[in-house]
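Only one chain comes next, encoded as structure tokens, the form predicted alone.
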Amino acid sequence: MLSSADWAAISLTLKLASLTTLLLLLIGTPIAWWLAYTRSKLKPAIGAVVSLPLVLPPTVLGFYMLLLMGPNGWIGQFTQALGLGTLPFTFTGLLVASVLYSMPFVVQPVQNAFEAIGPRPLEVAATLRASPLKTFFAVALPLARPGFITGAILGFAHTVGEFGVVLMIGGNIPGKTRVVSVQIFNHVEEMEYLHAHWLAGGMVVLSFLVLLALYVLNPNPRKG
């Protein structure tokens, strides 16, 4: 059965995944829009930076984020100057790391959805004298809905399954930074395989339900 520490880890994981997904939809949407329609020579470089977590080992990303957000890093010095202290080993630091680590899983589906719209609907809206902002909210967003569904589901699921980055940035603090993946690791280290089975089995079920939701809500994601 699940212990109180297990339930605390589950609650923290769901909170982290929900906030990460929400922030990624807010931050990632303008990035995806820019990548979809820009003609800037910087597009390949920006796209590569956004996609970097797909190929970079989580521990490498976590290590450099730990340095940047630590007391000697420029982010850490900035947050200390604001009186906020440093971000490592806090839930806020964990949230920042999760947003950066899961970004391509949200940005890429949304970008693909924007690109699938094509210029025609946007041009028609412009001929009807719709402002760029109105065109974005009234035309582009509804047409890109499947991409947002895919991005939200993948971003949430990827955050739930994080291990390397959250361990590097958040550590293993009960009730503050100890998420499900770290709790499973703790159980295995202590040879508490039954507890590990309960949590790991729950992760398998959750992963299946997430993928099932993806295919039910968006049966043909290639269309955007």
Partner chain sequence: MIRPFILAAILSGTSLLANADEVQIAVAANFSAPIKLIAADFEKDTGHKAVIATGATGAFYAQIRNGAPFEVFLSADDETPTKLEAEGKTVAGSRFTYAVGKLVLWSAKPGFVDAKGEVLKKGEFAHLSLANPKTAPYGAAAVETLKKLGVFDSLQSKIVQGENISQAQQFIATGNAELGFVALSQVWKDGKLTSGSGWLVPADFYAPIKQDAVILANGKGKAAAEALIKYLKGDKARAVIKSFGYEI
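These numbers were taken from a predicted model, which means no experiment stands behind them. Numbering follows the first chain given and starts at 1.
The next section is about a form of this same protein that is not shown, the form predicted together with the partner chain.
Only one segment in the set 152-160, 26-34, 60-68, 45-53 has residues whose heavy atoms sit within 4.5 Å of the partner chain in the model of the complex; it is 60-68. Of the heavy atoms in residue 89, some are within 4.5 Å of the partner chain in the model of the complex. Using a 4.5 angstroms threshold between heavy atoms, residue 191 counts as touching the partner chain in the model of the complex. In the model of the complex, the partner chain sits beyond 4.5 Å of every heavy atom of residue 198. Using a 4.5 angstroms threshold between heavy atoms, residue 167 counts as touching the partner chain in the model of the complex.
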